[in-house]
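So this first bit is one chain, no partners, the form predicted on its own, shown in structure tokens.
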């Protein structure tokens, strides 16, 4: 599903990632772990084509990443970054934001799908009537995750998905993802609770 073959990434002449390889099978849940600043998020961004690789190759679902295929690859991928950059007012806007784009409008979830998703992520049904400044960071994080899951993509990229969650909320998210055997997940996390529930841990280490 996701194959990175000896990719290297540099910024301003400084090598951030060097000869990194990874092979994630369909349905597998993996986490990339390691010290801050070692390039974990860079790897996720390279999969989406946001960061250009200097060497190596990336394949998603047997499609080689290139300028001509990036739209096709992104159409298969849901992505939850660590920080949300969109200025939205309400919880409902956050949940439904991806469906405001023309390519996703036909996939807008039903009320039953939304209700079930909120319940699985331990969010109250009335949360959608609240302003974003009225809810916690953990609730925002789960709402953003819910929006990506409702897109029903085959690949989900997560950058520090539990940074604002307590243990109970973390376990709800993990349980939700484990209920989706068809979903391939590539995550970045420092969280030991998250990491131990993944199928594989890819540890990045500082080169001596």
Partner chain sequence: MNVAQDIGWLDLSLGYLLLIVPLYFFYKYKTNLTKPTLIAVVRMTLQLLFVGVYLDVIFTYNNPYFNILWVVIMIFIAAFTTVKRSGLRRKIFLIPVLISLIISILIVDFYFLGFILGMDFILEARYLIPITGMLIGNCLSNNIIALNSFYDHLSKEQLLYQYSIANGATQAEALQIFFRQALQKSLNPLIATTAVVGLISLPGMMTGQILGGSNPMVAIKYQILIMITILVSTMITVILSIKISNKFVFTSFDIPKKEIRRKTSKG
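Since the model is a prediction, treat every value here as computed from it, not as a measurement. Positions refer to the first chain, counted from 1.
Below, we turn to the form predicted together with its partner chain, even though it does not appear here.
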{"query": "Any non-hydrogen atom of residue 133 within 4.5 angstroms of its partner chain in the predicted complex", "finding": "no"}
{"query": "Its partner chain contact at residue 144 in the predicted complex, heavy atom, 4.5 Å", "finding": "yes"}
{"query": "Non-hydrogen atom contact residue 56 with its partner chain in the predicted complex at 4.5 angstroms", "finding": "no"}
{"query": "Its partner chain contact at residue 151 in the predicted complex, heavy atom, 4.5 Å", "finding": "yes"}
{"query": "Heavy atom contact within 4.5 Å of its partner chain in the predicted complex, the stretch among 167-175, 35-43, 59-67, 22-30", "finding": "59-67"}
{"query": "Its partner chain in the predicted complex - contacting residues of 16-54, heavy atom within 4.5 Å", "finding": "48, 49, 50, 52"}
